[in-house]
Each structure stands twice: as C-alpha cells, then as structure tokens.
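Single chain ahead, by itself, as structure tokens, in the form predicted alone.
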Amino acid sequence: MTKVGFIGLGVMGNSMAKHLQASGHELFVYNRTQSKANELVGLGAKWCETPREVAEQADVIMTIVGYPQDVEEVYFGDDGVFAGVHTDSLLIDLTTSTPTLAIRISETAKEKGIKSLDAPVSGGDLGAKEARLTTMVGGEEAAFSQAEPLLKAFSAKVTLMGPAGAGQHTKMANQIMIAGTMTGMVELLAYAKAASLDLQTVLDTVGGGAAANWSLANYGPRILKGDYSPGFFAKHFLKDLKIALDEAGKLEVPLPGAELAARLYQELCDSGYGDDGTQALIKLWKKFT
C-alpha cells in the first residue's frame, strides 16, 4: 500500500482517484471545491486543506488540474506541493500542461532531491471511469519504474516517452490528431444531415471503414442524443490547442489544421459553450442543432 496524494477531482480526476483507492492505496485528497471530494472521503480518503498538506502526508503526489497557471499555483504557491514535499516524494503531474512547466517542475524537484514525472493522459471521462486511459510519461527511468504500477490503476497503456517534458510533447501530438478527427466528425454529421441521410446509419457504416476513429465512435452517438456533457471540456481542449500551436511555433512546424480547429473552438467558447464537451463543436452548425 502506498500513501497517494491526489489533487484535482474533476471530470477525470475523481474516477482516477477512485481506482487508486480501490487498488488498496491510502488516499489523501484536495480539490478547490471541497464538495467534490465528499464521495472519496466517504470511502475512506483523508481530506487535506491545501496541496502542501497533501504533500506532507503522502509519498506519491498526483495532480490533474485545469490550466498551466493552476499547475504552477499547486506546485509553487505558498501552500503548494513543493512547500510540503519530503525526501521520499514522487511527483506526477497528470494535467495537460506545457513542456516548459514540466521541465521547471522537474528541475525544482531535483534541487530538492526528489523525483518527478509529467504524465498527461488521454481517453476522456469514459477512459477514466473504465481505467483504460493512455498515459504518456516524461522523466527518468527510476521515477517511471516507481510510478508505473500506480498509473496502471487507471490506465490501459503507460509509456515512458523520454526526459522531462516528453510526456507533454506527446500529449500535444495526441491533441493535434484529435483536432482533425473532431472537425472531421462534426463536418461529416453536418453534411450527412443536409443530405437527408439517417445519421445513426451513417455512423454505423462509416465507422466500420477507413473513416473509423475514436472521436466518431465516442462523440458521434452523444451528438445524436443531444448529449453535450463534458467528457472533456471544450475550453480545456482550446487550451491544449493553444499550447500545441505555441510549441509548434518554437519548433517552426506549421499546423494549419490545428490552427483551424483552434479558431473553431475559440468561436465555440466565445459563444458560451466552453463548459460543454468537445462534441459541442457541432453547435457552430446552426442547422444541425
């Protein structure tokens, strides 16, 4: 049994923490909105008042929060993780954040003589609930070996991609691909509806051929049901695309498809749908909804 601290109990984090708890680990939790921890505390997790308190109590501290600025506050704030770590600590940031911040966390951890990993995940709310996330890890082999059994509590695939920041770079590559499948999926549906096709039959048919992809299989049916609840927030996907484009600029790699997706998701968020799931992109096609 490992003493695990878990910070961030949102759409995905809550399920991930439950899997760790079900695996027999002692759980210490913190979330900005305390009520989101009630279920886990009822199952035996210990509530902590600050990220610092989590770090003081736990040996492995996992974080999954919204934005890079939230990551920075959780780790470097006056009551942050680094204020409470001890010599045996292992830090694992599961947030989709910037490679630059991942490297900064790694360097600070090394200065304090502790281990850290950047380990963003992919698979959305269903992947978290069903413990079949894909986890992309950046950091040193020794830290990865220690973390891998814990990460497998909620992951179907866990891969060490390289040094600090490599996990975040891999997640950016992942989001670039998803940008293409999401825009393709909503355009497919908009076109099929305009052509008076039966949309469920379209999904069943094209999903069995070369057009098959995760976005089509998982978000297409939700759209047909009018379900725009967030498996992954539109506003967070926009954040990811902006990070990807910023990193691509540094690497001098043009990403016209991702740029288009970012413009569309910016329009969606500006229209008041940022707290909907990424599938809400179809709402830009007014004749569809």
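The numbering used is simple: start at 1 and walk along the sequence shown. Keep in mind that what you see is a predicted model, and the values were worked out from it rather than measured.
One more form of this protein, predicted together with another copy of the chain, exists but is not displayed; see below.
(message) Using a 4.5 Å heavy atom cut-off, which residue among 101, 178, 90, 150 comes into contact with another copy of the chain in the predicted complex?
(response) None of the others qualify; the residue that does is 178.
(message) Only one of 190, 131, 83, 114 gets a heavy atom within 4.5 Å of another copy of the chain in the predicted complex. Which one?
(response) Only one option qualifies, and that one is 190.
(request) May I ask you to check whether residue 256 falls inside a 4.5 Å heavy atom distance of another copy of the chain in the predicted complex? (result) Because a heavy atom of residue 256 falls inside 4.5 Å of another copy of the chain in the predicted complex, the answer is yes.
(request) Would you please decide whether residue 77 lies within 4.5 angstroms of another copy of the chain in the predicted complex, comparing each non-hydrogen atom pair? (result) Outside the cut-off, so no.
(request) May I ask you to state whether residue 224 is within 4.5 Å of another copy of the chain in the predicted complex, using heavy atom distances? (result) No, residue 224 is distant from the partner.
(message) Given that another copy of the chain is not shown alongside this chain, does residue 106 nevertheless sit within 4.5 Å of it in the predicted complex, heavy atom to heavy atom?
(response) Result no; residue 106 lies far from another copy of the chain in the predicted complex.
(message) Given a 4.5 Å cut-off on heavy atoms, tell me which of 106 to 114, 67 to 75, 192 to 200, 141 to 149 is the interface stretch with another copy of the chain in the predicted complex.
(response) Careful reading of the contacts points to 192 to 200.
(message) Suppose contact means a heavy atom within 4.5 Å; in the predicted complex, does that hold for all of 14, 17 and 48 with another copy of the chain?
(response) The answer is no: none of the three residues contacts the partner (heavy atom, 4.5 Å cut-off).
(message) For a quick check, can you give me the residues of 140 to 165 that have a heavy atom within 4.5 Å of another copy of the chain in the predicted complex?
(response) Going through 140 to 165 in order - heavy atoms within 4.5 Å of another copy of the chain in the predicted complex - the hits are 157, 159, 161.
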